[in-house]
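Just one chain is shown here, as structure tokens, and it is the form predicted alone.
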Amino acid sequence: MGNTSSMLTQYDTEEVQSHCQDLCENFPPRNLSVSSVMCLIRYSQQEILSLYQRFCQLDRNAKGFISSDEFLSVPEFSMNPLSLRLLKMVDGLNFKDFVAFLSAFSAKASLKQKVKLIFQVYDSDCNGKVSFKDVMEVLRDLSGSFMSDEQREQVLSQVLNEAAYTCDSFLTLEDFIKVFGSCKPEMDVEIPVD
């Protein structure tokens, strides 16, 4: 599957679909990885072929995985203020895990799938909890020099207090789902199908 000159066979696409289905059925996993945290949507064979073509374009050296540098070659990815956090999640993805990662960006993905990805971005130490410090780091990445640390702390403290949390609280995935439950994060990416 990693060779850019090869095409996916019917067997290959069914294998990717099976991989995605296995991840859904065995959720929650014991060891958390990018692909196992995403309870996947079911891609059509044509969508998988399109994703494979994009994967091969990114895998410039035909190694069978995509490196950080290759991900950074995507302008939308490299310009994202959270790109360094995302790189920790995507560096070295093989094709199956690439499909799994992208499932959270599908219009077909559930709110819970999208929130799981957002939670992973905030939970940089992968301990299953998001601290005040974790949120401050994301705010720093997002706001850059437009806000001082003092301003960020004031805003975050106020938001946490309004949500009945303190600066010493740890937020879990369930907390994130509760917070995002009333809105739908806009993070859909359309897969072009020829």
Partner chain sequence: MSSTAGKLVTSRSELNIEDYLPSGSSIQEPRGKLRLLDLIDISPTLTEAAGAIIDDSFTRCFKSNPPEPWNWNIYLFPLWCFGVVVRYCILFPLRCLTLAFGWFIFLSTFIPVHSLLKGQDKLRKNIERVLVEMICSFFVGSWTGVVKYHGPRPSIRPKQVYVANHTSMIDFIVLEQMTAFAVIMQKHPGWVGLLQSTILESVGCIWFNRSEAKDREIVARKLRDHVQGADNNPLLIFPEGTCVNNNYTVMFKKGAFELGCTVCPIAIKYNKIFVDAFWNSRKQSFTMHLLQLMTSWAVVCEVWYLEPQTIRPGETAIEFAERVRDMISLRAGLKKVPWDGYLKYSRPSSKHSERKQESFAESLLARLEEK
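Because the structure is predicted, anything quoted here is derived from the model rather than measured. Positions refer to the first chain, counted from 1.
Just so it is clear, the following notes concern the form predicted together with the partner chain, a form of the same protein that is not shown.
Shown without its partner, this chain lists 166, 127, 151, 46 as candidates; in the predicted complex, only 151 has a non-hydrogen atom within 4.5 angstroms of the partner chain. Not displayed here, the partner chain is approached by residue 121 to within 4.5 Å at the level of heavy atoms in the predicted complex. Residue contact with the partner chain in the predicted complex: residue 102 places a heavy atom within 4.5 Å of it. In the predicted complex, at least one heavy atom of residue 80 sits within 4.5 Å of the partner chain. In the predicted complex, no heavy atom of residue 95 sits within 4.5 Å of the partner chain.
Shown here without the partner chain, the chain has 71, 72, 73, 74, 75, 76, 77, 78, 79, 80, 81, 82, 86 in 70-91 lying with a heavy atom within 4.5 Å of that partner in the predicted complex.
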